[in-house]
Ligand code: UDP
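First, one chain by itself: the form predicted on its own, in structure tokens.
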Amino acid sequence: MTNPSTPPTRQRRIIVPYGTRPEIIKLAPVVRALRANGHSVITVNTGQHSDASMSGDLSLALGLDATITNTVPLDPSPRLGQIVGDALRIVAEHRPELVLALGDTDTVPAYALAAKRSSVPFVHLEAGLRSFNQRSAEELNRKIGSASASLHFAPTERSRTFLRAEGIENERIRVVGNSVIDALLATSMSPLDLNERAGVLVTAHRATNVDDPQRLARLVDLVNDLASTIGAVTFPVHPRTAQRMAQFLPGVRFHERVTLSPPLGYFSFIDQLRRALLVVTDSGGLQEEASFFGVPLVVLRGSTSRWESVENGSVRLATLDDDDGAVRAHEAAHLLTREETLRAVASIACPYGDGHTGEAVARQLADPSLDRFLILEEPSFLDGEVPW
């Protein structure tokens, strides 16, 4: 017998696509929560990362099993075309009640388009991040997600503000935090005291930094300077970065306190992160993870989509565009590793959520009152009126 005080719920059929390491990390707790709440979830591995160290092994470790696994070409143009083609086919065949995609990879525009073609509502998770970089493919993907979405799950109030400024109705936006914090809490790894931390963690993979020989050389100089002046450097080298080093800087030498390695497994990487005094990176999501552990970052980009960390002082932006920019990156690293700065950053509360994002998303989608936002209506202007 149903308890009359229990609110009604919806158990929805949902397609959740993913294809990159950050998507796997952030979607694993969301999919787990969706299924725990009775939703039927079809997960799709788009095949964007074929390297097991970047995706496959991580999926197994985090329990994100793929209902459907695709393979795509390595070349960027046919790869994007294949992702779109697969998305169109899968959504048309399975006819879900909604498609839920995260972030800013090529998965977002592919599955947004596929959802619209099949008259299925599209829901965007990690909605509203903005870097304001007109040359950024990720920024374009985010905006396509926003333009397509019936519902926006934003990580922070600032993200809501950006969406509202673009004309998104406030009632279609839900601030739920970022599920990367859910993933971190699931590791049971906690922040460490400053006396337990040492050295620098470096990551770099963006084309703007590693596909340009001069910028890549400045990155190597920066890494060597950090090793000689701050402490031991751990540098897990992304496959793209390793290829460019071999191509542009054959025989390059690193300081003896620099440890190069292939990409680390997720749990090893997170443990390395929390043990570092400083992170130097061009990653987006790493800014959220470092914030959880109270570790400051130098972000090797001229802008970021995580402005909360810039505002609270835990992130400094710097570029490798020219020698002056590289000097600023050096200076930022040394400023952030002063004892007073390290202590200040360690005391800042993480602004990216409370670790219950997956539960919040599952609960929101179970709410029947959201049905009105998930209906794709065809308007009628037969009375002669025009919009606005």
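Residue numbers here begin at 1 and follow the sequence given. Just so it is clear, the structure is predicted and the values come from calculations on it, not from any experiment.
If you look for the form predicted together with the ligand, you will not find it shown, but the lines that follow are about it.
Only one of 152-160, 244-252, 189-197, 267-275 lies within 4.5 Å of the ligand in the predicted bound form by heavy atoms, and it is 267-275. Of the residues given (R172, R79, K116, H205), H205 alone sits with a heavy atom within 4.5 Å of the ligand in the predicted bound form. This chain appears without its partner; in the predicted bound form, the one residue of P236, G294, P96, P109 with a heavy atom within 4.5 Å of the ligand is P236. Every residue of the trio P263, S283 and L286 has some heavy atom no more than 4.5 Å from the ligand in the predicted bound form. When the ligand is considered in the predicted bound form, R21 lines it closely, a heavy atom lying within 4.5 Å.
Taking the partner from elsewhere, I14 is found to have every heavy atom lying beyond 4.5 Å of the ligand in the predicted bound form. Looking at I25, you'd find a heavy atom of it within 4.5 angstroms of the ligand in the predicted bound form.
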